[in-house]
Ligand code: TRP
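The form predicted on its own is given below as one chain in structure tokens.
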């Protein structure tokens, strides 16, 4: 039987899931269920690269799981699990740490951004985070990974690691797999989709929407109620001009571009289509329409998330089942990796 192409993606359980997480990642996950075999992972091993309060971490793992399900991911048809329940992620990560090169990791811009001036105080885990991400993907021989622009460099690294492993162990791969091409790990492809892959702050259209922004008005969280969603959109920063009729007119207008992009993504349209309808309109017309749309799309998800969060046993059972099914895919690939490297099992 021919397998569908396999997608792997993960979301960190860092709390306060917001509209950027939803439009940038989760809506894409939902759509991919139609065309691919999907594994969606709550990447709790990645989360602990910076210190986490243990109680909050447990809560946040369940919250991401609830968001996946409430948004429309089917945990029976696909796999939802948390990373730490499948030991293969950590095991393969160590092997790949020994394949990856310091020079490659030193080029990762995200580490520089996250560690800032205090890189000597950053955890080793934060530095090797991209190798764990490569292990997450390669452990399942995933063919495709939905990524935002900020993760593209990490996916390139995963491809480099896969290629180096295949070259370093070519003879062993051919001997153990009868694969004359000597390719064991596939090269995962990025999937970048949709009109609003980057959702910006409601306070400053040049900054990404973030849970760490001190202003609560900068973001819509997935559990905000209808009144709060409407209020935050009403108060979102804009400029005094009317909306343009063409997308080109959004250039140098980051706040306007952000709100049009959010409308387009929520309504499954292009920005061009949105501007055909609202070009020439003032924000006093556009914002209420956006607020109504956002409430209609996000409120039901928030309600279902709250219901699921009140049933932690149900969520834990889904995660356990997902981990068992993920492990069935991962285990043979991990065993074959160990055999190729020369470990006795």
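Numbering follows the first chain given and starts at 1. As the structure is a prediction and not an experimental result, all values here were calculated from the model.
Heads up, the form predicted in complex with the ligand isn't pictured, but that's what we're talking about next.
A.B. asks: Classify residue 46 as contacting or not contacting the ligand in the predicted complex by the rule of any non-hydrogen atom within 4.5 angstroms, answering yes or no.
C.D. replies: Close contact exists here: in the predicted complex, residue 46 approaches the ligand to within 4.5 Å, heavy atoms only.
A.B. asks: Would residue 166 count as touching the ligand in the predicted complex under a 4.5 Å heavy atom rule?
C.D. replies: Flag for residue 166 set to no.
A.B. asks: With the partner left out here, check for me: in the predicted complex, does some heavy atom of residue 230 sit within 4.5 Å of the ligand?
C.D. replies: No, residue 230 stays farther than 4.5 Å from the ligand in the predicted complex.
A.B. asks: Residue-level contact is defined here as any heavy atom of the residue lying within 4.5 Å of the ligand in the predicted complex; does residue 151 satisfy this criterion?
C.D. replies: Residue 151: contacts the ligand in the predicted complex.
A.B. asks: Report the stretch among 309-317, 274-282, 38-46, 294-302 that approaches the ligand in the predicted complex to within 4.5 Å, counting heavy atoms only.
C.D. replies: Only one stretch qualifies here: 38-46.
A.B. asks: Tell me, which of 79, 95, 266, 145 has a heavy atom within 4.5 angstroms of the ligand in the predicted complex?
C.D. replies: Of the listed residues, the single hit is 145.
A.B. asks: Here the chain is shown alone; which of 86, 133, 139, 260 has a heavy atom within 4.5 Å of the ligand in the predicted complex?
C.D. replies: Selected option: 133.
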